[in-house]
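Given next, in structure tokens, is a single chain: the form predicted alone.
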């Protein structure tokens, strides 16, 4: 099999597994078996190993001597790290984006907020929340910064889905509305301050694992 083909398959496998890990379909600590993955995707072990390396680089998997590759676990410290990184980078992006935000963009961001308020499950809320943040930050015109923020949102989604797979309650996001009001008034610093606080709000919730045990889960709800 050509290396180019291997790379293409590896990307497809890593994306598929990443989606399952982020959604919580594969739990933290679960073993990723090369033979099972190779059979599922009808391929050899070569692209599977490369896919696993990609997952490790994303912080979604860890390789353990004599134990193989497992889905990475996460704790409160990691959640706080992602929250602080998001706060710093999203505020930076917003300051650069603000001069380029039009009424049309802010109207779309408001619609995303309304969609989030109406969400009845965590996945649709996360999609609406991510859309809001992307809309107000994208005009910064800094692709590397936006790519890093996208990775942090993927990590946030993983924390969120691990904690709130069920029992999601509709909520009204007053922070989003405050950010939009400040931006419409041309008050970038007020919007940035609200955004910085908003993305650092961490919720906690006891969740039951597949084995029946209960653990504390933490998530960024912003």
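Please read all numbers here as calculations on a predicted model, not as lab measurements. Positions refer to the first chain, counted from 1.
This next part talks about the form predicted in complex with a further copy of the same chain, which is not shown.
For the candidate spot formed by 50, 88 and 96, every residue has a non-hydrogen atom within 4.5 angstroms of a further copy of the same chain in the predicted complex. Interface residue among 40, 27, 56, 175, judged by heavy atoms within 4.5 Å of a further copy of the same chain in the predicted complex: 56. When you look in the predicted complex, the only residue of 121, 84, 110, 127 with a non-hydrogen atom within 4.5 Å of a further copy of the same chain is 84. None of 97 to 105, 129 to 137, 142 to 150, 110 to 118 except one has non-hydrogen atoms within 4.5 angstroms of a further copy of the same chain in the predicted complex; the exception is 142 to 150. Though the partner is left out of this view, residue 193 does not reach within 4.5 Å of a further copy of the same chain in the predicted complex, counting heavy atoms only. Proximity of residue 157 to a further copy of the same chain in the predicted complex: non-hydrogen atoms within 4.5 Å are absent; the residue sits far from the partner. In the predicted complex, residue 62 stays away from a further copy of the same chain, with no heavy atom inside 4.5 Å. Interface membership of residue 76, defined by any non-hydrogen atom within 4.5 Å of a further copy of the same chain in the predicted complex, is ruled out.
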